[in-house]
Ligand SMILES: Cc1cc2nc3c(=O)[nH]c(=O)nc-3n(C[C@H](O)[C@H](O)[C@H](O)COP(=O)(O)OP(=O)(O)OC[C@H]3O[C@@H](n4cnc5c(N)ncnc54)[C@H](O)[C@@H]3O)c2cc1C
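In structure tokens, the next block holds one chain alone, the form predicted on its own.
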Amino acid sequence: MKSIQKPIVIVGAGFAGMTFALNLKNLNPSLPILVVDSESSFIFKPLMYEVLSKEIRSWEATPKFANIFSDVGITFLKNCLTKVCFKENMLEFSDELKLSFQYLVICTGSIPNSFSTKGVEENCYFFNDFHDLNQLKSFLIKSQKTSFHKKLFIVGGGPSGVELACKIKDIFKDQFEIHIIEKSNEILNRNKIFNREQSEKALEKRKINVLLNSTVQEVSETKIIISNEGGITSLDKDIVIWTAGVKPNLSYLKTDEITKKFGRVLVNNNLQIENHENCFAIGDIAIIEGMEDLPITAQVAMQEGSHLAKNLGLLIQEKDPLPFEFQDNGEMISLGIGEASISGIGVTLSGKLAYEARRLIYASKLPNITESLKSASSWIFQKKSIFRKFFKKDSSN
């Protein structure tokens, strides 16, 4: 077995980094592991919509890193990575701190992608973290004091855009006239057919307008300019929420140090960075050679984190690593207050039952088991009869 003289450093503690760190520590408790993140709390992004609608409290979706890692003997450092020196096995941070490592895992996640569209950064709201959530929530609440039917545009008809549209409509009723702008010919064009159909029904029921085959050209203080088959149209707007896509957060990497593909770090099927066998990339920033079509989701990130923990354990034992294989466990989408849609592992479920199942599944995946139980225990016991029906249906498929 190799001797570990320097720490295993993980930069980024989202779904990928969190899963990797906890799994690796569980496999080998003696390993020195250091996790670095620019935030002090984990952000359970799939539950941000429920925080907006007050279906859950914010602390339920933002457990503190210090609590999560200290309980299992992992060191946590709040800091911002500015440079990776691969040849020297050295990291540099914003406060001039330098750290050497024996193994490095970078998983710094993603940030909104404006695609260089004019006016987006200055005149749009985003929904990527809790700072975005609080800014959006503040604007929406202030709008309640003014006239009804304010024009609200959501750019992007993916899961985030659809979930936001349904939640905002259920929370604020007729306060906003909601429009989704999607550049393709259907919403959720990369998602399960069942979930897409249920989402279309949910939007129609709430009278949310969907503009397909439409692209945003510019966003000004008062207008949103879109182009489609009918030409270019300038529309009045009160608020635009941008959920049209994300890009990897890689500001700390020099372009000549690593190989990129589609803007993401290219790794082999062992999740290693090319020409740097002791360095790995997982989660939103990584793209696996030969598996370029994998979605950028928490499910993929967590599976990569779990697999890399096993692989690093093998490498430390001087054994050959194993290739990563993705297992599609299905997908879940929130469709307003108290409703959702689930498709996968032989089950399709929608409505209130799907909402209850979705929350139970997410509660079980919260990184700190104490917080998870605190969040879910009383609620789970109240829902016993509902889940008997769900699991009976699951076992019959």
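Worth saying up front: this structure is predicted, and the values here are computed from it rather than measured. The first residue of the sequence shown is number 1, and the count goes up from there.
The following text describes the form predicted together with the named molecule, which does not appear among the structures shown.
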Pick from 30 to 38, 51 to 59, 347 to 355, 66 to 74: which stretch has non-hydrogen atoms within 4.5 Å of the named molecule in the predicted bound form?
30 to 38
Classify Y252 as contacting or not contacting the named molecule in the predicted bound form by the rule of any non-hydrogen atom within 4.5 angstroms, answering yes or no.
yes
Can you tell me whether D284 touches the named molecule? I mean in the predicted bound form, with a 4.5 angstroms heavy atom cut-off.
yes
Look up in the predicted bound form whether G158 has a non-hydrogen atom within 4.5 angstroms of the named molecule, and give yes or no.
no
Can you check whether F324 is within 4.5 Å of the named molecule in the predicted bound form, heavy atom basis?
no
Please identify the residue among L99, L235, I296, L314 with any heavy atom within 4.5 Å of the named molecule in the predicted bound form.
I296
So which of N269, S220, T215, N128 gets a non-hydrogen atom within 4.5 Å of the named molecule in the predicted bound form?
N128
Contact set, 72 to 94 vs the named molecule in the predicted bound form - heavy atom within 4.5 angstroms:
N79, C80, L81
